[in-house]
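In structure tokens, one chain follows: the form predicted alone.
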Amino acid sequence: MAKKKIPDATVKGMDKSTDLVLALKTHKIDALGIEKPSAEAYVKNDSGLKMIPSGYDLNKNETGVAIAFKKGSNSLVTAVNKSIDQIQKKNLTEQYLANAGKYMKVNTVNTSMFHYWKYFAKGVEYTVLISIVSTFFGVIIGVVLALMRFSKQKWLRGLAISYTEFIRGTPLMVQVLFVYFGIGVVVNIPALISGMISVSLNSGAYVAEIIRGGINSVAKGQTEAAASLGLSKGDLMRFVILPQAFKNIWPALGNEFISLIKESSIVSIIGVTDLIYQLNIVRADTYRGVMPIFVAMLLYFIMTFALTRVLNHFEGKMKHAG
């Protein structure tokens, strides 16, 4: 619409109106085209914003809203059509536009971040849950893949290498979307489970390479000594190689766990109510662009700092034991 109505306009699009408003306030864009009710709400909640008519000469053929229904939902379609007829007959749309700012203002009287602490708490809860589950399964997947890399079976080595390279060569966002929407065509997987699966599979590929490096770092003399004692290959790996490997790779493994907390934020794109998802809800509800972001940053720092302390504690114990 802007390209058509405003000569020589350069248009910049973003996913959310809250991001566009923040871009406007930080002088990244000169103006924002937005529907009138939302514009009124933002202006009423932020004295630094002003609203001016766009001057667009619209007609019914240029813009509109569509509603999608599942096939066969005839009764629902009929009910919605009746509601639309009543809206048109009673001219309710114009009444809503005239009072939209007032209605939306009611929900944003208290825009302090403390008022929304439950939103942030829920986000932290889901972020921690996803991180713990993904770490657990990521380590299991990583160990299996690493052992497959040392297998004498070429097809096992090839499978492990192919998986690792493919996962590391594609963005986590694409993987999340594929699991949720792609596999969802065959099996309907809830968003939270899809997020956990995606992050676990992604983490497993990186953990596998870390563990492989740790196994290679164990001196060959350890293997020879264990073999001379009559240990089987399974016992050799379980009691001699892996314990030493984990000790060597603990700092790198810890970095992966810390990164996992931050990378798990990508699951918000499929509707998982993690910290980023809750952050966007607070931004939309309060019309404040920066403060919710700052609170989320602070919470992520607290989580990662706490995990760092825990990992350092266990690393110290390993060194002492060694």
Partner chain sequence: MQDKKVLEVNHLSKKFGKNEILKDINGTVKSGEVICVIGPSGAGKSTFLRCLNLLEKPTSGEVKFDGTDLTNVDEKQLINLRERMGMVFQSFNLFPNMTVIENLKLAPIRVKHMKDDEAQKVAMHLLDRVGLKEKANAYPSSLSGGQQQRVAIARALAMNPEVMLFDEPTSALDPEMVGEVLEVMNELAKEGMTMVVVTHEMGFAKEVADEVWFMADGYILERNKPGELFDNPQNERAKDFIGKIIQNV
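Think of the rigid core as the biggest set of C-alphas that the two forms share within 1.5 Å after superposition. Positions refer to the first chain, counted from 1. Small disclaimer: the values here were computed from a predicted structure and weren't measured.
Absent from the display: the form predicted together with its partner chain. The rest refers to it.
Novice: Can you check whether G213 is within 4.5 Å of its partner chain in the predicted complex, heavy atom basis?
Specialist: Contact with its partner chain, no.
Novice: Any of the heavy atoms of S232 lying within 4.5 Å of its partner chain in the predicted complex?
Specialist: Judged by the heavy-atom cut-off of 4.5 Å, S232 is in contact with its partner chain in the predicted complex.
Novice: Using a 4.5 angstroms cut-off on non-hydrogen atoms, would A226 count as touching its partner chain in the predicted complex?
Specialist: Result yes; A226 sits at the interface with its partner chain in the predicted complex.
Novice: Answer with yes or no whether G221 is in contact with its partner chain in the predicted complex, where contact means some heavy atom within 4.5 Å.
Specialist: Heavy-atom contact with its partner chain at 4.5 Å: present for G221.
Novice: Name the single residue among F239, F181, W155, F166 that comes within 4.5 Å of its partner chain in the predicted complex, judging by heavy atoms.
Specialist: Residue within 4.5 Å of the partner: F239.
Novice: Quick one: which of 129-137, 241-249, 186-194, 173-181 gets within 4.5 Å of its partner chain in the predicted complex, going by heavy atoms?
Specialist: Among the candidates, contact is made by 241-249.
Novice: Taking the rigid core as reference, does Q153 move its C-alpha 2 Å or further between the shown form and the other one?
Specialist: No, the C-alpha position differs by under 2 Å between the shown form and the other one.
Novice: Superposing on the rigid core, do we see a C-alpha displacement of 2 Å or more at A205 between the shown form and the other one?
Specialist: No; that C-alpha moves by less than 2 Å between the shown form and the other one.
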